[in-house]
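In the form predicted on its own, a lone chain appears below as structure tokens.
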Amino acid sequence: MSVEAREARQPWILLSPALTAVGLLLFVPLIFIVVYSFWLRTASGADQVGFFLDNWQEALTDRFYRDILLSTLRIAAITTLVCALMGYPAAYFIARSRGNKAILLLLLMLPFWISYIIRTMSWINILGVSGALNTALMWTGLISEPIQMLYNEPTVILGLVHFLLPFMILNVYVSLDGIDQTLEEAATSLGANRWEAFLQVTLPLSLPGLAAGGLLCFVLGAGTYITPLVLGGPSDAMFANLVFEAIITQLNWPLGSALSLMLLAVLGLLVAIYNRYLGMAQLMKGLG
């Protein structure tokens, strides 16, 4: 074998463990899900092997699933917007800090050291009927009886913001930290005030990071099921909860597979559009 051929094969040899893991842990299960989606759940509870379109017809034509999907996308969009409005000032503050940037980044990463489920369930102790907030309000005399704050859509959005806000801050911070601060100084030297320099220089240059954070928050928010399960009511179920219900509770793997692929297709289309116009490099920076 020639030297050129060995050099051409070397990158693939180095990548082979990672490619094998991705293939076994991602693509092989995905193939099984695609196959399952065309099977049929019979009245006896058994799965009939074959090529049936009944699950796809039900998933695509039933208004119930369509309404839940639209509601999921709406909640994810609201969550992303709130994360952007709250996360950008925090990221800007961290990026412009001089001596304590490492400490601020460490504090930002602390929530990842605690289980996402525990963080979500902690809101029950805060907003519950006997939680800390109701107890404090009753102790101060502002209310005479506890207020029902849990198990509604705003609480679900609150839990999602709590979960996703660090992802937004990290992506925006990476973008802001890469901007040369002398550009703002140059804008001010040309007659712009600090607000005009921010709007005309800093904000446009940081939009890729904001878009990357928005994509990450939207995809993770639309695909979650723990938050609406813990903090939402019966009418606040999101699409991932339907998949969980179909597969775990009803043991209807064919329908659950079709529903999961339906959500994957919608979110995959969004990622493809993002990659087409902005590219995945900025998102990789934020995750790295």
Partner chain sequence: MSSVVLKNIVKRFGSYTAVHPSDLEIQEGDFVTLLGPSGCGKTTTLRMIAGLLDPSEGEILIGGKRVNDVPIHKRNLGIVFQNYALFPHKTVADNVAFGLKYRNVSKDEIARRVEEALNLVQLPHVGGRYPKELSGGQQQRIALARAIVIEPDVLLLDEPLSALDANLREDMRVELKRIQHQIGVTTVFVTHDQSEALAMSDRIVVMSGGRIEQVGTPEEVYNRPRSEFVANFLGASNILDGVCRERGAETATLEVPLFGTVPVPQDKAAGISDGPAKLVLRAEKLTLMDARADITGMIAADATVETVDYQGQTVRYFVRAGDRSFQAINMINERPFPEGSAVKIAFRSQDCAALPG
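Everything quoted here is computed from the prediction, not taken from an experiment. Positions refer to the first chain, counted from 1.
We do not show the form predicted in complex with its partner chain, though everything after this point is about it.
Taking a heavy atom within 4.5 Å as contact, would all three of A186, E196 and P204 count as contacting its partner chain in the model of the complex?
Contact check passed for all of A186, E196 and P204.
Considering non-hydrogen atoms and a 4.5 Å limit, does its partner chain approach L190 in the model of the complex?
Residue-level check for L190: yes, a contact with its partner chain.
Is there a heavy atom of T182 no more than 4.5 Å from a heavy atom of its partner chain in the model of the complex?
Answer yes; at least one heavy atom of T182 falls within 4.5 Å of its partner chain in the model of the complex.
Using 4.5 Å between non-hydrogen atoms, is Q200 touching its partner chain in the model of the complex?
Because a heavy atom of Q200 falls inside 4.5 Å of its partner chain in the model of the complex, the answer is yes.
Which among 134-142, 112-120, 69-77, 204-212 is in contact with its partner chain in the model of the complex, heavy atoms within 4.5 angstroms?
Correct option: 204-212.
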